[in-house]
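Just one chain follows, in the form predicted alone, and it is written as structure tokens.
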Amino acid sequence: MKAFSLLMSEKDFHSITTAEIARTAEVTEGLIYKYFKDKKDLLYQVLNEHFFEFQAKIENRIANEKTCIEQLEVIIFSSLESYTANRIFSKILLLEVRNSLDFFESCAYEMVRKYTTTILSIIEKGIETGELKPETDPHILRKVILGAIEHACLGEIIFGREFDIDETSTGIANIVFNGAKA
């Protein structure tokens, strides 16, 4: 998994061969197939490990916040921070794996579902406690937050541009939670 991650920092996913991965890891190619179905399965395992660490970080950070808005702001910031710090994985996630039906049956996708369920739970609690409007559709608000996060950093990740996480995170949170109406 480390060898594959290293190669992904240097090359495009489709141009990496299992032979290269084996050579980089100093193992036989057959050993890879002992643990992974194919190269995509290996990718999903690498992504799963990344998502697991990210989810732990999110849970740690939101545990320190008192309100649902503060927790959601932490999730927005942490998500942008993760996309920016892990541009290779982000590019693969945003452009590659979502086009593959296999991804939606992988352990990596289960971690993505845990992340989105965390967001939904926070929103539902915010509605329940009166911090968010009672007519708020929690599923739509979750989609708005996730869509804003991904769209805000997509071009920067694809083209390797600099990205101000604080400014973007604050901007998203401000529009989502305070609105744009004058």
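So that there is no doubt, residue numbering starts at 1 and follows the sequence shown. Note that this is a predicted model, so its numbers are computed, not measured.
One more form of this protein exists, namely the form predicted together with another copy of the chain; it is left out here, but the text below deals with it.
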Choose from 42-50, 144-152, 28-36, 56-64 the stretch whose residues reach within 4.5 Å of another copy of the chain in the predicted bound form, heavy atoms counted. 144-152
Decide if the three candidate residues Y109, T136 and V176 all line another copy of the chain in the predicted bound form, where lining means a heavy atom within 4.5 Å. yes
Answer for E96 alone: is it within 4.5 Å of another copy of the chain in the predicted bound form, judged on heavy atom distances? yes
At the 4.5 Å heavy atom threshold, is A19 in contact with another copy of the chain in the predicted bound form? no
Would T168 sit within 4.5 Å of another copy of the chain in the predicted bound form, counting heavy atoms only? yes
Given that another copy of the chain is not shown alongside this chain, does E131 nevertheless sit within 4.5 Å of it in the predicted bound form, heavy atom to heavy atom? yes
